[in-house]
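Presented below, as structure tokens, is a lone chain in the form predicted alone.
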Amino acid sequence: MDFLSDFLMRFLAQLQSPTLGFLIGGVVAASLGSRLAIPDAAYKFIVFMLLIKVGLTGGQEIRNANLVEMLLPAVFAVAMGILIVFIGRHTLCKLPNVKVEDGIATAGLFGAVSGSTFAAGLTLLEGQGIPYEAWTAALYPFMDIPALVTAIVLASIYTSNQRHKYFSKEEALSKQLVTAGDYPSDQSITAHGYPKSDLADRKVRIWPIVKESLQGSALSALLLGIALGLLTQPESVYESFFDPLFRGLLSVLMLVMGMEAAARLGELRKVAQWYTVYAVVAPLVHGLIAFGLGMIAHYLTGFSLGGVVVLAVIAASSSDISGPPTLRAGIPSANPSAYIGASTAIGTPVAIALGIPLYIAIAQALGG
């Protein structure tokens, strides 16, 4: 009982953090019809600054890190990225009125990583004085890329199978027509007049998907920061410029995220209500699974409880920057209102306002 009451007190305390306050403030302002707006260029600059800072921190830490200790968390990050997509494929996609391509794209977006949620998690950890390995920033691409690749591959396999079924029906009908003496005039055309070339299988090429993900603005900024932190000596500019601005910029970003979430609710109403259920439940479930895997690394390799929280946070997050354009190109048949609406309007606020405080509270309770 003491454990539960202590946990609830810690959890409620997390909800009062200024980072979450700005997020809720953005939601309230947009809901009340406020004309407050942050220019898109400013938003992109803020995201760039935050991820560069996180990358610089991680790169500097990797220099002195034990690569063996990084291996197991990295493997778990890859496993979570893939697992999240398969969970969505066999849960969300099976629900009524959910189009399979839309469900897979939504699962892919929830498997990929949100740079803003990631940055918010690190800020809350620092605010609570919970230590974590700075190299955990490097776990971002290990989860992000496998999730996007898996989603696009699964969607391609599904559409290919649908083409096979359709083509088989057309072939059977064509044979019936030939038996009846009604010969098709063009053998390159199906019995219903569709070009057979449109029904041919498309090979899924992995590298273009990986390349597209790596070239995304969020992941590019993070990887650039890691490289600069690892290969240069950025301590002076880091301490005088990037570090002092981090919390203030993150607060503005949370305000924008809150307003964006309220605006996206309208889009989400256009699709099945099951996306709302998924967007509420999935971040918490994904984070708890990752937290469990992180605890395995904690006991086997000494991975810190703060690092366990970071792994849970990136698993709970859903990509809001690099993921949507990658999925639009990779799964063009999916409806962006479904996966972007579910992620931005519900998934991200749930991950930040409930998920992060939950994982931190569990870590604090376990750590005494």
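Residue numbers run from 1 along the displayed sequence. Just so it is clear, the structure is predicted and the values come from calculations on it, not from any experiment.
Same protein, other form: the form predicted together with another copy of the chain, not shown, and the subject of what follows.
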query: Candidate stretches 275 to 283, 71 to 79, 86 to 94, 233 to 241, one within 4.5 Å of another copy of the chain in the predicted complex by heavy atom; finding: 233 to 241
query: Another copy of the chain contact in the predicted complex: I46, any heavy atom under 4.5 Å; finding: yes
query: Contact test in the predicted complex: L288 vs another copy of the chain, heavy atoms, 4.5 Å; finding: no
query: Non-hydrogen atom contact S34 with another copy of the chain in the predicted complex at 4.5 angstroms; finding: yes
query: Contact of A41 with another copy of the chain in the predicted complex (heavy atom, 4.5 Å); finding: yes
query: Site check P18, A221 and L228: each within 4.5 Å of another copy of the chain in the predicted complex by heavy atom; finding: yes
